[in-house]
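Below you'll find only one chain, the form predicted alone, shown as structure tokens.
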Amino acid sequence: MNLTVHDITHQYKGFYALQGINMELTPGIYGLLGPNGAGKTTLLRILVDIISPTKGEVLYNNREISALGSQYRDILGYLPQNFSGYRNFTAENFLMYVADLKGLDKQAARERVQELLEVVGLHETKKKKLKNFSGGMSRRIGIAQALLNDPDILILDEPTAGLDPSERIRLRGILSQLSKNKIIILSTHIVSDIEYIADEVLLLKEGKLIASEKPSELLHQLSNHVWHIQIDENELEHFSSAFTISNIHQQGTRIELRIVSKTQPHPNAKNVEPRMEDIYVSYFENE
């Protein structure tokens, strides 16, 4: 199974949202990272065949997805960034409705819906209307609807938005188990989610794919380039203007800084292990 993105370019009224994107995706989890306006959502919408690229093509097993039509949608699961569902439906009824749209056998749909309600932790509230759901619960029902047809390709746009830490951990576990035989593309601003579960990280900046690497390889690039130092409050302005700061932590009258720099920023600065947040800042500090 493979999903090939070949020379994808997309233009909006003279503005290039994407420029010359090339990727070869096989089963596993791909973390898509980039600042707002980088083109992430446009890329996902092209991958699910909602919009057509200005140039280039997307192939599933060497066949263009636009030509596959319903055959492609049958193996696709998608959670959009602004998912809300039908507010007057209960969770259970909404999933049954989506299962019917996807052509699932009624008995198989009933079993699958109950299974997924358990998986996303909503079985106890399955009779509750979506309009009464919290933001985190809405994301979870969105994840469930994306999984209904047991898709080969699962595309999730900000799936952990609104989830509490325990819900995020649970979702990461679910995705890790699914990734053995699925292509999963996960777009998120929560960098730690990608650090924990992604097999490969895709970095998108100004519509261009600037890196496609394993997390370990990206982290290795910053070996000996991440520093920790404690400073006085009156030194913060100097360090902020002179260096790339990936974290600031107030400790009483002192401030702990995490700095990304190829050279030691201060004699008192000590090397620390890099994290994915340091990677993000090093690539997108000016965004």
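So that there is no doubt, residue numbering starts at 1 and follows the sequence shown. This structure is a prediction, so every number in the text was calculated from the model and none was measured.
Separately, the form predicted together with a small molecule exists; it is not shown, and the next lines address it.
- Proximity of T90 to the small molecule in the predicted bound form falls outside the 4.5 Å heavy atom cutoff.
- Taking the partner from elsewhere, P53 is found to have every heavy atom lying beyond 4.5 Å of the small molecule in the predicted bound form.
- Heavy atoms of E158 reach within 4.5 Å of the small molecule in the predicted bound form, making it an interface residue.
- When contacts are judged by a 4.5 Å heavy atom cut-off, A38 counts as touching the small molecule in the predicted bound form.
- Only one segment in the set 224-232, 55-63, 30-38, 238-246 has residues whose heavy atoms sit within 4.5 Å of the small molecule in the predicted bound form; it is 30-38.
- Scanning Q81, S138, T125, S212 against the small molecule in the predicted bound form with a 4.5 Å heavy atom cut-off leaves one residue, Q81.
- Proximity to the small molecule in the predicted bound form, defined as a heavy atom within 4.5 Å, holds among L25, A17, A269, M276 only for A17.
- Judged against the small molecule in the predicted bound form with a 4.5 angstroms heavy atom cut-off, the residues R172, S192 and Y283 are out of contact without exception.
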